[in-house]
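First, one chain by itself: the form predicted on its own, in structure tokens.
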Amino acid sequence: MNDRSPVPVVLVFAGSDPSGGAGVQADIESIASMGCHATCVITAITVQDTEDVARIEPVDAMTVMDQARAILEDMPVAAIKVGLIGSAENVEAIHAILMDYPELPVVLDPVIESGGGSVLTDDETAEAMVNLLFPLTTVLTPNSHEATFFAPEGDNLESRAQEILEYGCEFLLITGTHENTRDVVNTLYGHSRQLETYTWDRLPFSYHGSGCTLSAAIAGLLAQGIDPYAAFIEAQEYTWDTLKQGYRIGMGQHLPNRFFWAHGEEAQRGEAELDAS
């Protein structure tokens, strides 16, 4: 087997979303947009649409591990992205994989609840994530609500961030889409301090799969060998563009247009038509 692949490979652990808005479907599109090949380990089967998640059925932990081993023994994986995990047993399976490949950058999107408010991760699974996965994570990408969940004792964003950093992740990027602010402010932490803030125009809609899009884009860029700080900026720019040019084809949230770049001026015309409707 060649030591290098002409197309960087990203290994994804995530649930399947039949609406195509989030989960592995979102990850595949985002990773492809970063010029990489996505390989996907399904951790859970979900019943959901653009409004909410109705049911989650976790995949057996041994099957999760076997899926990952099959890929890792066949392809030169360059980065790992973790989304919805489904169970504490699956956390343990992913931990075992990560321990065998400590050189690979890991992007973890700690999914706790759906955009519609349904709880997706129970307390046992969340605790296992903190203890087993956070210490092995290159960049953790919670939104502000998820940051509060993992650091409930903190009385502000800074104190919550410091508490989460103590769990062992290298970088922490907290997104501000859930905050009641004029602009969206995302904040990067690392090395026991705040490193950067990024301000983005707040868009008028809510979106299904925005967190998946951001974390998967970061993983794709890290797989390309891009410096983490540059990857964080580029992934946010890409994500914001997918949202700005997103569309509403169901009865719930808008979906990111993750292939906006492939349509050129057509995407701009489509955006204008959606805004006018």
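Residues carry their position along the shown sequence, with the first being 1. In this text, all values refer to a predicted model and were calculated from it rather than measured experimentally.
There is another form of the same protein, the form predicted in complex with a small molecule; it is not shown, and what comes next is about it.
Inset, instruction - Taking 4.5 Å between heavy atoms as the contact cutoff, choose which of Ser144, Thr187, Ser114, Thr125 touches the small molecule in the predicted bound form. - result: Contact residue from the list: Ser114.
Inset, instruction - Name the residue from Ala96, Leu120, Leu195, Ile71 that puts a heavy atom within 4.5 Å of the small molecule in the predicted bound form. - result: Exactly one residue meets the criterion: Leu120.
Inset, instruction - Would you mind picking out the stretch of 106-114, 129-137, 72-80, 149-157 that comes within 4.5 angstroms of the small molecule in the predicted bound form, counting non-hydrogen atoms? - result: Contact criterion met by 106-114 only.
Inset, instruction - Find out whether any non-hydrogen atom of Thr242 is located within 4.5 angstroms of the small molecule in the predicted bound form, and reply yes or no. - result: No.
Inset, instruction - Check whether Pro256 has any heavy atom within 4.5 Å of a heavy atom of the small molecule in the predicted bound form, and answer yes or no. - result: Pro256: no contact with the small molecule in the predicted bound form.
Legend entry - Exercise: Cys212 in contact with the small molecule in the predicted bound form, heavy atom 4.5 Å: Judged by the heavy-atom cut-off of 4.5 Å, Cys212 is in contact with the small molecule in the predicted bound form.
Inset, instruction - Give a yes/no on whether Leu84 approaches the small molecule to within 4.5 Å in the predicted bound form, heavy atoms considered. - result: Leu84: contacts the small molecule in the predicted bound form.
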